[in-house]
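Before any questions on binding or motion, here is one chain by itself as structure tokens, the form predicted alone.
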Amino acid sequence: MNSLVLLMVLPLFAAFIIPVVAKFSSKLALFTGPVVLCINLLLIMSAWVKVGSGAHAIFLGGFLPPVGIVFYIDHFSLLFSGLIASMVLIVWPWDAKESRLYSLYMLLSAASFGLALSADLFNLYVFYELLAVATYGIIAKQKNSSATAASLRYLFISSAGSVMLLLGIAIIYTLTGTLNIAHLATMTENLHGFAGLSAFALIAIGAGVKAEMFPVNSWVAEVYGTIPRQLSALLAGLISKLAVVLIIKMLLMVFQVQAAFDLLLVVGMLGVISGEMVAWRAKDMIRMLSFSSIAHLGVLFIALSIGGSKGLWLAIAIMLHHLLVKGGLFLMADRFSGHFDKLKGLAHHSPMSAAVFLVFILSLLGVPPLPGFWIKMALVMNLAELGGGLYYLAIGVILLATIIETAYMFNLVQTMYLKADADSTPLNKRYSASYTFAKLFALLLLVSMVFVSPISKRLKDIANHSANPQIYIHTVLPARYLGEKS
């Protein structure tokens, strides 16, 4: 199991070796990254079987917690590790000619694996910053001035978020003297006061920049509109979820209190309403998808506000669904994009493209029996069980957002099925691997529709295990230390 350290080591090594390899063979440099990601996928699949229904901790350098560097391995972290390797493979820049871009993708991969596996706040912050640096570089490497300007704006906003994240971590260290999450979980009484909850708010909003959280999400439409669609699929489908994973670790292990839930509930509702209202007014495909993504991540924060294993179960389901739907839609946008009027007659030119697009849209809206319906229904039912004014308001917000989303999506679909003008060519006719993967995502949605019950049960098992602080504590902290505490 200790071999999982290679998930971070191999991409980091590849990032530094690729420019050297490129001097001798550009083809070998191009394939180095995908080979490393395939090796990582094999390591993840092997670990998935070995970890079974339990969990495992990796202690680096021979230092035991709460001092040493720890990686925590369970099915939740392995699930996201597998998604990281798969998504980066899907969006790998095969047509790029610059080895530095390959290195940046490897840095992004290493940081992403670190965020999924790290079990202390210091390492989470380090990997979060490494992920930010890699993301800035990838955006800035795009060959247009708009991408450079968007990268600079993203840098300023994300840097402000990083300062807030670091300040929240500093407050927690001041209160407890430790940054190990398992250790923090044993001293929650020190963190549930005003100072501790302020630290959680700073961490949530700081990480929320990449998680597209209201109100620190103003960069989203500008960045997504200026970068390649594959990169938009990666940022919206995966990177935003990794920032949420950071928040989840602190929420479930340390801050299972109503004040923290209320914070996520309020910012989630504001994100849903603001995102859907702007998406409703959008006339451009990428702008519409960008703000719709903000709204659906707001729904994710509403789910997390339920707390415990139920909140985590719903959050995992929403994240997986959002990755498939929004990832697929952004990948399809590589084939057609621009003003909605340009999509007139799309169904006539390419019935298959229209059908794939329709599958994503219907699942996004929650039309039965697609997975989006079951997820949305489970969320509403769990909110109703909790009761209380804010939770009932959240149900109203979700239903209102669904009505708004249905209105603008229906107009878009109607445009696609209108008769095309004689000179209309809404599709980019060149072959695109992105479109192939979009069709695969749509197929996965249809398959999951058939296996909703077993998939839901498996996700519940993962959530029940990962949301249990006692399992986390006893896996990470040494038995000697636990004995002393008792």
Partner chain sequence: MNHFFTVEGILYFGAISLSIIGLFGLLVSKNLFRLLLSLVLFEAGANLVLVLSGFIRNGIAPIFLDGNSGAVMNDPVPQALVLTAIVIGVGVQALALSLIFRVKKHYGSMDMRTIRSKLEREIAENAGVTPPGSNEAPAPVKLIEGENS
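Remember, it's a predicted structure, so these values are computed and weren't measured experimentally. Positions refer to the first chain, counted from 1.
This next part talks about the form predicted together with its partner chain, which is not shown.
Peer 1: Taking heavy atoms and a 4.5 Å cut-off, does residue 92 contact its partner chain in the predicted bound form?
Peer 2: Contact with its partner chain, no.
Peer 1: Could you confirm whether residue 159 comes within 4.5 Å of its partner chain in the predicted bound form, counting heavy atoms only?
Peer 2: Within the cut-off, so yes.
Peer 1: So, in the predicted bound form, is residue 74 in contact with its partner chain at a 4.5 angstroms heavy atom limit?
Peer 2: Result no; residue 74 lies far from its partner chain in the predicted bound form.
Peer 1: Answer with yes or no whether residue 190 is in contact with its partner chain in the predicted bound form, where contact means some heavy atom within 4.5 Å.
Peer 2: Outside the cut-off, so no.
Peer 1: Work out which of the listed stretches, 119-127, 181-189, 323-331, 298-306, brings a heavy atom within 4.5 angstroms of its partner chain in the predicted bound form.
Peer 2: That would be 119-127.
Peer 1: So which of 347, 288, 248, 164 reaches within 4.5 angstroms of its partner chain in the predicted bound form, heavy atom to heavy atom?
Peer 2: Going through each option in turn, the one that passes is 164.
Peer 1: Sort through 170, 96, 393, 355 and report the residue having a heavy atom within 4.5 Å of its partner chain in the predicted bound form.
Peer 2: Answer to the contact question: 170.
Peer 1: 436, 466 and 475: each with a heavy atom within 4.5 Å of its partner chain in the predicted bound form?
Peer 2: Negative, none of the three is within 4.5 Å.
Peer 1: Are there residues in 276-298 with a heavy atom within 4.5 Å of its partner chain in the predicted bound form, and which are they, in order?
Peer 2: The stretch touches the partner through 283, 284, 287.
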